[in-house]
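Below you'll find only one chain, the form predicted on its own, shown as structure tokens.
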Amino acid sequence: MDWQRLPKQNFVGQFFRRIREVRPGSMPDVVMIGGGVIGLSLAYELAGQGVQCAVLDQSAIGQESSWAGAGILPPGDSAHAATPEARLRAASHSLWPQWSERLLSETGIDNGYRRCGGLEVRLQGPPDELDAEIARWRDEGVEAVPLSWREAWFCEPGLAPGLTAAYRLPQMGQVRNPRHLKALIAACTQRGVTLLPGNPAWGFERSGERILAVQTTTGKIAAGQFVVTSGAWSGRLLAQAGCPVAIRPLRGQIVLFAAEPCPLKQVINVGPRYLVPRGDGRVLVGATEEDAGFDKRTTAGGIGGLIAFGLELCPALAAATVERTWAGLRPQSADGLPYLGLVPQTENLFVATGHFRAGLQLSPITAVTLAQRLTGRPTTVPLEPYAVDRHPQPLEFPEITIQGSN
């Protein structure tokens, strides 16, 4: 059979019909083990191609780090992307408008996606500090506009005067994480995906290299294929399958301000820290990076440091209300790239995890490429750079740069 001559829906349907002939029954074709934005996006993509999917999670669906992030969407250009990170980012950048429109059409839920633009600024340092970053963006084919501090202040009068360096990325976007998760859950439900919250997975039943079922605290769940999409918890589960991966949870704390009128219009980045204005007067300030294990509590040092950072960068926030604070656990890999693809020594266990701070940002292209891989088609982005066994030797994790007290 020449798959290239078949419509996608027809090829995928025939692929899984052949599997069902071998293992009749009502069990799903694919089980996603982890109900965050990666697992839900993959289930949504597969279900749209006629694949029977189930998504299980240890707690509520869509309530871990996917919900907790700021929803910043950096730009990219697939024609010039030269690194594994840039290729994923660029491909997702091109998918976000159509995914958002389709989710709105199917569910009536607006996920808040918009191309708002963004500024990268420095509060101190030499005037040429950001020149190398500007050059890298331009090498990628991304528009990056150098700004004097006066030009930056003209773009965003709410910023503190006297910035030492700044540039603008007109194509930067944002999405509201809780709304996007709500839309994905609704769309998955409409497409027939089975959602199984409150099902912690602790191991697998296997025969040779084939996984027969995932073992949960409520019983076994059998399927044709399995995908570990458990974020910061993925390492524990993959170890049960004989696949140690370098993933650690890093806690990120965030502060939500309510300000009227909103003092900012664009995303403001200072390295890995940021201010993200929403359209309703709210401003997110984040985020810490803390090696706190699986502790998701907020701390006085973390929240206090973020408030001080926010006020230094945008003095008008002094009159705002602190509406809420929270923390999430990001899954960090040792080299900063996610793990995508088949788990070694298995024939039907896959992984999509380790996205660190970019899980929501990269969720569309992760879903598209993994769906292609699961259904036996060539992938939009080659998966070799993200293979689980890509490290010939164990790597050490990088030092943490944004501690809770900063």
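Just count from 1 along the sequence shown to find any residue number. Being a predicted model, the structure only gives us computed values, none of them experimental.
Quick note: we don't show the form predicted in complex with a small molecule, though the next part is all about it.
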Problem set entry | Option touching the small molecule, based on a heavy atom within 4.5 Å in the predicted bound form, out of 360, 367, 349, 53 | 360
Exercise. Considering 277, 331, 302, 118, which brings a non-hydrogen atom within 4.5 Å of the small molecule in the predicted bound form?
Worked result: 331
Exercise. Would residue 88 count as a contact of the small molecule in the predicted bound form, using a 4.5 angstroms cut-off between non-hydrogen atoms?
Worked result: no
Exercise. Does the small molecule come within 4.5 Å of any heavy atom of residue 57 in the predicted bound form?
Worked result: yes
Exercise. Would residue 254 count as touching the small molecule in the predicted bound form under a 4.5 Å heavy atom rule?
Worked result: yes
For this session: Please run the contact check for residue 200 against the small molecule in the predicted bound form: heavy atoms, 4.5 angstroms, yes or no?
Result: yes
Exercise. Want to guess which of 43-51, 65-73, 338-346, 367-375 is within 4.5 Å of the small molecule in the predicted bound form, heavy atoms only?
Worked result: 65-73
